[in-house]
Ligand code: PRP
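We begin with a single chain expressed as structure tokens, specifically the form predicted alone.
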């Protein structure tokens, strides 16, 4: 299933990120804020349960504290995925974080895994995170790597994608729900999203 997370605040902040004149600091802030806003949709079906822990309101009423039924693991694809993690974690402070290292060969556009580490949690929801869903190669490999380690409940959270990348992920992993803030038009001859927002990693970390 593909979900495009629509919200006026996301549209405004995405314009900031698309602007070539936006500096790294403002780019990072907008990305983090969009990730927070997207979290409401990505996790809206997670159920909660009452615990034995009691909280007391300022009016003197005692209530049972609620907790999420699912343990959450955030799995950003290095390096650009890191830029979205804090935005999600602001909404879910109890979420644990792993890292998946995959780089794309600029000639072949094929992904290569060089690092993988996720927290050891029983039956968690793993959210693979990457700002860009272009060819889909990195996302497919990242999800495959997660499945290979025995995880089964997986979602993919990206900022911007194109139909080609979405179709590739859906074909390879039809059981994984995809969440985007925007479905852009297409890829150019170099594999970059159009209109897109440039190289997310470079813009996040100011390396260009």
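From a predicted model like this one, the values you see are computed outputs, not experimental measurements. Positions refer to the first chain, counted from 1.
Another form, the form predicted together with this ligand, is not on view; read the next lines as being about it.
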Worksheet item: Looking at 67-75, 83-91, 133-141, 115-123, which lies within 4.5 angstroms of this ligand in the model of the complex, counting heavy atoms?
Response: 133-141
Discussion item. So in the model of the complex, is this ligand close enough to residue 199 to count as touching (4.5 Å, heavy atoms)?
Written reply: yes
Worksheet item: residue 96: heavy atom within 4.5 Å of this ligand in the model of the complex?
Response: no
